[in-house]
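First, one chain by itself: the form predicted on its own, in structure tokens.
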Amino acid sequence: MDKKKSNRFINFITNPKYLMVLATIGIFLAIYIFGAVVYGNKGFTKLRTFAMLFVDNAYIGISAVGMTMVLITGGIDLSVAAVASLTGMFIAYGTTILNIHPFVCMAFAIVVAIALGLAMGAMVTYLKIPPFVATLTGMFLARGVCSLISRDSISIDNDLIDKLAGWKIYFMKLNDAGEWVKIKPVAYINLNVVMFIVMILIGTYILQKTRFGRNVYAVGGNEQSARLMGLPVDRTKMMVYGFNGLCSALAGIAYSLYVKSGWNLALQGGELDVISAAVIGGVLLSGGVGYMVGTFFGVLLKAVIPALITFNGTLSSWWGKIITGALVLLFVALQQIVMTSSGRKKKGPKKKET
């Protein structure tokens, strides 16, 4: 019995589908433990520090949920940061300049983002335009509209936005008198973190528990085979890009609550942060493989590196970009090694000629 369990465990950790996710979790734990050992006396292990990893990167994680699905289908979306920035401009200009209710601005931004996502999905699906080109067009369009709205940063001056941005759940503990008090230093999660966790759960449910999720994996694994099986390939790809548009808009809302402003040049290069978080999380660039839990830890892994640099105090912040680039290169190389090895195992040993 023990031998069977041991074999199952070995098969699990060596399965190409799970190996990348386990590698991400392992590297995150290794880096976090390193930070705890080296900078534990400076507060690295405090609950506040860990909570801020989520608070400061929630908008990236929300967008990465949609990007994960796009990458699993074998596509890519370069417009996510521009759409998030456009969402912020809609909210800032609408609430501050036009005095429109924030929820109306958010709803309008979500509709526009989903429509743009569906349009790019149609270009990829029906016009056979490469995803890189189609979504690059969407990126330029969103950035252009941002600049038409305003080239200056617009501060969001709205009571409801202030309340949403200031909404927090504090971590509490019991004191000696039996009363609940805030942990010191104060640690909390905000609305953005809740949105991030909820989107991860929704994304996990969609991919693992629904027919649509199975179709997503099938399309990414082998689109031609999926068509021959009678699966709705075109509709699946359209819905994936539409869902990614929704995630981009939600990321834009989260970023607006984070900075409480809108700017046409906000989040420049943010699409690379989102893509790298998914890739580091074990999503295969060629499609067919990826899990939301991997993306979750990919976001945390990207977040913990700048935190270590901050606690070091002597390194330039650009080291964060360098290390992230190295991690992406490492995971892409690891993906190729794993998939090549998996392909050889499936083929089996060559038969000797007699």
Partner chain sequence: MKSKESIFKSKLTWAVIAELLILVIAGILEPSFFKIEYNQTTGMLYGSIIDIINRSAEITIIAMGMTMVIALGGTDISVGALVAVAGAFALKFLRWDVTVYPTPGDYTVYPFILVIVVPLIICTLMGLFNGVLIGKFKLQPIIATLILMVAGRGIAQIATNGKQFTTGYTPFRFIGQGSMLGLPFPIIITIVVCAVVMIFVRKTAFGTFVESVGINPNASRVTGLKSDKIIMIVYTLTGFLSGIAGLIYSSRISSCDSNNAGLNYEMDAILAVVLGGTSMTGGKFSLTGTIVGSIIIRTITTLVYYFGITSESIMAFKAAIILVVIVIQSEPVGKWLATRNARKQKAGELHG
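Residue numbers count along the first chain shown, from 1. Keep in mind that this is a model prediction, so the values were computed, not measured.
Just so you know, the form predicted in complex with the partner chain exists too; it's not on screen, but the next bit is about it.
Chemist: I have Val133, Asn264 and Gln336 flagged as a candidate spot, so tell me whether each of them has a non-hydrogen atom within 4.5 Å of the partner chain in the predicted complex.
Modeler: Yes, because Val133, Asn264 and Gln336 each have a heavy atom that approaches the partner chain to within 4.5 Å in the predicted complex.
Chemist: Check whether Leu174 has any heavy atom within 4.5 Å of a heavy atom of the partner chain in the predicted complex, and answer yes or no.
Modeler: Looking in the predicted complex, residue contacts with the partner chain do not include Leu174, since no heavy atom lies within 4.5 Å.
Chemist: Against the partner chain in the predicted complex, would Thr45 count as a contact residue? Criterion: heavy atoms within 4.5 Å.
Modeler: Contact check for Thr45: no, nothing within 4.5 Å of the partner chain in the predicted complex.
Chemist: Determine whether any heavy atom of Ala115 comes within 4.5 Å of a heavy atom of the partner chain in the predicted complex, and answer yes or no.
Modeler: No, Ala115 is distant from the partner.
Chemist: Is there a heavy atom of Pro232 lying 4.5 Å or less from a heavy atom of the partner chain in the predicted complex?
Modeler: Answer no; every heavy atom of Pro232 is more than 4.5 Å from the partner chain in the predicted complex.
Chemist: Name the residue from Ser225, Gln208, Gln268, Ser155 that puts a heavy atom within 4.5 Å of the partner chain in the predicted complex.
Modeler: Filtering the options by heavy-atom distance leaves Gln268.
Chemist: Where, among 84-92, 160-168, 209-217, 142-150, do residues come within 4.5 Å of the partner chain in the predicted complex by heavy atom distance?
Modeler: Heavy atoms within 4.5 Å of the partner chain in the predicted complex occur in 142-150.
Chemist: Residue by residue through 293-319, which ones have a non-hydrogen atom no more than 4.5 angstroms from the partner chain in the predicted complex?
Modeler: Stretch hits, in order: Ser316, Trp318, Trp319.
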